[in-house]
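Read on for two forms of one protein chain; each stands alone as structure tokens, with the labels structure 1 and structure 2.
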Structure 1
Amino acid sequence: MRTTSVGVVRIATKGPGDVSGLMTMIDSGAIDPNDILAVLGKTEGNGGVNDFTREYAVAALCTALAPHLRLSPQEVEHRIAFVMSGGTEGVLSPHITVFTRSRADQGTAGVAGKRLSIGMAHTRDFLPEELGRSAQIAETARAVKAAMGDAGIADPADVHFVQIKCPLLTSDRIEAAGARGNKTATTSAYGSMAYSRGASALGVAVALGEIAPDIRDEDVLRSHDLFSSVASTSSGIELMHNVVIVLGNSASSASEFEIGHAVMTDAIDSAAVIAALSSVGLGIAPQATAGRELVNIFAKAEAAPNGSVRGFRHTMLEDTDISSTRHARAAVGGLIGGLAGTGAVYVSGGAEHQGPPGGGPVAVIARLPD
């Protein structure tokens, strides 16, 4: 029985505070604000610790949605999952992707196959000394399973993308841990982003049975053979817990959309991007396959930690002017943009334990024919 209907729309933005596109769709009735479950966005910041475009974008969206939902902006932020990924280097274009979920209407009896479904869950707040360690892994695994239940997905094989927003360390948080006699995984705020992303990704892998649950603290950022093929994690200063969004296909969904994925083995793996497009019945640009329409592509990118791509040396890790995550986003964004025919794709940097070293998952959402 089809119980839910999931919608997804990509909206271009003129800046991190631009909500005009979303408000236009709400005013026209194209989007019911009460149905919004999650918003994933790309903002034109630097993607680092001091990337305040993420918080600015969330604040603008919460303020704009508050009157429509009859809630305070703070209540909106607790009700809707906002995941902003900073950094639109190269051809990447700032945009938001809005996911809605509502009850399926009675006219969905003819819907066949599994369709796009979405679920959400939160972990508890973490102590600073728990970030990048087994506590974060275990709590994330629990939240992923809860989000799968919320999405109506029982089989891990039907999960195609797990987006997580996770915390990072600041000097105040590191000092607070020290005052309790505890040490954090790192004393670098920037380095903590990788620890948090990596531990969160390992939590996804544990929840989906991709790896065994006996992960040690020292495996984080060291055991590169341990990874999830569907995890996408992004660190931010604005929270101390993990927000987990599971995207997959479910027989309980009457959505007109479908999601599939593949795994890039390195930053120039065009075959994987083509395979991800093919998994939802699409070809490379221009996509005109059986009336199907590309909605968005979600991918992770990182500079290969061994310093080479297919035997040739890269300099992304040695550039003291530009962060390697910015290099990687630009490279992978250009590759995917060329194959997709658009730069308005969601490419997030920092793929620790998210796909094999130097690679990462790539998921595609397509609208199906009427």
Structure 2
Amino acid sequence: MRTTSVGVVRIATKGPGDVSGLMTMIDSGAIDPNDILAVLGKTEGNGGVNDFTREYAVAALCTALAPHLRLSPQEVEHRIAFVMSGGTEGVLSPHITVFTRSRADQGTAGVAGKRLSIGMAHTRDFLPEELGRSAQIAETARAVKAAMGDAGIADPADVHFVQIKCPLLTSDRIEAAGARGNKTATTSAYGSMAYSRGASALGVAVALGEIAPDIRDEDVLRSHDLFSSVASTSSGIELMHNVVIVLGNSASSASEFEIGHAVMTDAIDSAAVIAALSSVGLGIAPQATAGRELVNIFAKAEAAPNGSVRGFRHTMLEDTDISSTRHARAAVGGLIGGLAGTGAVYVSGGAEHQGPPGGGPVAVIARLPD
């Protein structure tokens, strides 16, 4: 029986503070603000430490949604999962993707096959010394399973994208660990972002049975052959626990959308992008497949750590003027944009243990014909 209905809509933005598109849909009744579960966005900052477009976008959305939800902006931020990925290099276009979930309407008897489903879960708060280590991995794995349950997904093969928000270390947090006589995985705030992202991704891999559960602390950021094919993680200063968003297909969903994915083995893996499109019945742009429509693509990108792509040297890691994450997003965004026929896709950087080294997961959501 179809119990939930999941909606997803991509909305272009005119700037990081622009909420007009979402407000118009709420005012017209197209979106019920109470149904909003998560918002994934691309904002036009540099995607680095000093990218303030992410917090600005979240602040603008929370302030705009607050009166509609009769909550304070702070309460909105706790209720809805906002994940903003900075960096719209090249053809990438700033936008937000809004996920809603509600009870299924009557009349879903005609819906066939598994449909798009979304589930969420939180871990407990972590101690600073747990970040980037086995505790974060194990707790994340547990939360992924809980989110699968929330999404009505039993089979790991039905999970196609797991987006995680995770904490990072600050000097205060590092000191607090030290006061307890404990050392953190790193003493660099910037470096801790990679540790937290990596451990979170490994947690996804453990939960889905992609790797064995006995991951050691030393494997994080070192054993590059351990990875999840569907994890996408980003760290932020505003929380001390992991927020897990599972996207997949479920028989309990009456959604008119479907999700699929593939894994890019490197940054020029056009075959993987085509396979991901194909998995939801789409082809290379312009998509001719009758009735099916692309909603959005979600992918992770990174510069190959070994300095080359298919035997040819790349220069992303040696560029003192442009960070490698900006290079990687621009290039992978160009490829995916070209195959998708649009630059309004979610390509995010920093892919530790998210796909193989230099590659990353690529998931596609399609709207099915009525």
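For clarity, a rigid core is taken as the largest C-alpha set superposing within 1.5 Å between two forms. In this text the structure is predicted, and so the values were computed from the model without any measurement. All residue numbers here refer to structure 1's sequence, counted from 1.
Between the two copies of this chain, it is structure 1 that is the form predicted alone.
With the core held fixed, residue 173 shows a CA shift of 2 Å or greater between the two structures. Core-superposed comparison between the two structures: CA of residue 129 displaced by 2 Å or more. Residue 240: CA moves 2 Å or more between the two structures after rigid-core fitting.
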